[in-house]
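Heads up, the chain shows up twice below as structure tokens, two forms, tagged structure 1 and structure 2.
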Structure 1
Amino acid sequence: MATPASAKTPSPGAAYRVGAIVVGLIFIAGLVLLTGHSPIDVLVAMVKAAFGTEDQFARVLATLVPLTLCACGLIFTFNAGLYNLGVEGQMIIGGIAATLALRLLQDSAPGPVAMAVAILAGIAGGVVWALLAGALNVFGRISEIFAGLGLNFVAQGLAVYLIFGPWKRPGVASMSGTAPFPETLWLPTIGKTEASPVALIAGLVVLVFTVIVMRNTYFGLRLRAVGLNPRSSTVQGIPATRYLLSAFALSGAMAGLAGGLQVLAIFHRLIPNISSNLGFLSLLIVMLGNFNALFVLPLAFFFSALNVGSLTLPIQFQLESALAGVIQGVLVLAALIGRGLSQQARARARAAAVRKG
């Protein structure tokens, strides 16, 4: 029985993707060599810094949760053809909304009730902020990129205003944030680490929800159709506007949840950089994973470990921890270049098949 040609040789598109990543890794190794250090030594040190102790591994898990949540939300907007760069602001507003709920309820409601309301408030805050960007895009014809970036600045400014204004710490305003909430309003953690089982479960539930919706529902199918061509989708009876706004709302809900969990599980107060730039990092994760929800968890885990592991670079090698950002950027750039070359290779293969047929 003859074996199909496609089974004998790997897809040229796949070869381009793998090749681009390999080139990116070689480039990163070259950068490390230029600093006078061995890439292997740096890699081993970063792995030890991320997984060497229980506290370090817990920090990786704690960072994994907001990365996973924001990336899952972006799966919806990217598949709808939208670049939701406002995810960072949606996460910040989620943190602000959660903080507001806790401040209002900390003296009048039991801890579990106050925390539950704060989580819902964070979700609602993210939804509202995302729908504002969506409305500017859908009804105001403003690019979601510019709308999102502008709203990010507004959200950041609002957080700083609240910390140095109405919510400032008694006696003095501080960049360290508002006054910490009492421990009764902290989500439980694994031992004395930063990892919260509640937050981890929330991240996994959202991930499973995202995979199921995008792969096994009409909503996911129609959302991708809208992303490919909104006008054709409307002609086929799919309400494109409703699906675009739904994608924004889902993305905002997950980013808002991430912001709320940052307050409840990690910082226990509102700080100026409550998002820790994890929203932007989740953009890279989704692009590197080719907008596929199945790749979110492994990629988020990788970048979470990279973030935590990079903290050892200034201490052990006198290297800037910003090298982690360079590694992230190079890998994503390589993935995007590989994706572009892959698409060109498939287009050439289809054209050749048409000519032969």
Structure 2
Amino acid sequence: MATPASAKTPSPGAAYRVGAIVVGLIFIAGLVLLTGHSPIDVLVAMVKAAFGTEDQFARVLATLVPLTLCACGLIFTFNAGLYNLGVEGQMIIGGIAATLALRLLQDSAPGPVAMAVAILAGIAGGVVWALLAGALNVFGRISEIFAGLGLNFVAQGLAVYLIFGPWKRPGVASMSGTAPFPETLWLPTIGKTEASPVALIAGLVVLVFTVIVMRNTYFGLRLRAVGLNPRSSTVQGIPATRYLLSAFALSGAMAGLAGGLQVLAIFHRLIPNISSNLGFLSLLIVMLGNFNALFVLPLAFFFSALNVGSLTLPIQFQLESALAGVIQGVLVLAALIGRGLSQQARARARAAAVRKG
């Protein structure tokens, strides 16, 4: 298993990393040129579309929250040596659980109470879904990648079933979602924008928690030990199973929270694509950041801005906004290739040093 700590050694292959990103950027610029637009114009427009108006900036913040939450959760699982691809499903179940709570409480409990319960329900839903993948992994010896992906499909199917079935709008059966909740059940936002202070605070608290736990606690240290080698850590007296399941639970809790907030703060209803693919995006964020919690915020911010800014591609340039997905993918691939090359360079340097010595 790769050590996340490997990034901390001085990198003789830094040029490869930078070089790969530059090549990636040139490739993207070429793509944009092919569509008949100036890459600079497109870049400027995308930046403007992410930060030009308060609505747009608020949207960047609103997207930042689920990205940060999911990425923080993934920090735990990655450092425990787990590839929690089920993060999407955990987010969806969080959304479903929050919707369930709101549906049960909307007529009986005051708004703030119902929303608080819904958030807790979202967290609980995420935990349950993640522990399911965890149990399959730890006790069933099924790769967590496949367990997670499988559970993603189940969660997605469940959302679609509920929207078309028991939770459909009166007289309507459409994939456009359940009936919106009354405004008393919307988390308050800053002005008329979409940024919710509650969601932002939740994201920040979870981020600080993650950084502290991973850097300054015994738990974080042991989790990494388990991630490096579960068998030897068990020999040394660390209960690996418990740590692995804890990582799943933490990750699920944060993804579930993100899913619940999607319902309470963004969509105000359950839609089939409640996760908006942000779980997958957060996987890339964590991998790009070399599994380090400190890089979560800046990278999540960058990808959030890219995601929000890409809406201008169809508006202003009549371009397919899927191009933003391509940009995203190219950047991530470039970064990974760069890392691979730099590691090879480092290995060569080390080998050369050994020969010399």
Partner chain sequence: MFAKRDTVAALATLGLLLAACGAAPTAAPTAVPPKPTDPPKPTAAPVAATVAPTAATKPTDVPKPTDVPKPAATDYKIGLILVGPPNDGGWNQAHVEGSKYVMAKIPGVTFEIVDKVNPADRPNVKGTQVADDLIARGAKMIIFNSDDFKDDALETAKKYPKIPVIHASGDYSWKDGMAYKNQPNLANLMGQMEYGKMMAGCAAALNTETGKIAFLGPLVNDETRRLASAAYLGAKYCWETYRGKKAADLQFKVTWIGFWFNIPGVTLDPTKVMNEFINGGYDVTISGLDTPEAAQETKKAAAAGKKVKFVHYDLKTGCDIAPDSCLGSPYFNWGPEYVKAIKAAQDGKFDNYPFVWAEPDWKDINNVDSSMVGFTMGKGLGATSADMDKFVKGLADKSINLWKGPIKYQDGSDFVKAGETATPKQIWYMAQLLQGMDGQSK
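Residue 1 is the first residue of structure 1, and the numbers go on in sequence order from there. As the structure is a computational prediction, the values presented were derived from the model and not from experiment. Definition used throughout: the rigid core is the maximal C-alpha set that superposes within 1.5 Å between two forms.
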Sort out for me whether 1 or 2 is the form predicted in complex with its partner chain.
2
After the core is matched up, is the C-alpha of His37 off by 2 Å or more between structure 1 and structure 2?
yes
May I ask for the C-alpha shift of Ala20 between structure 1 and structure 2, in Å, based on superposition of the rigid core?
2.6
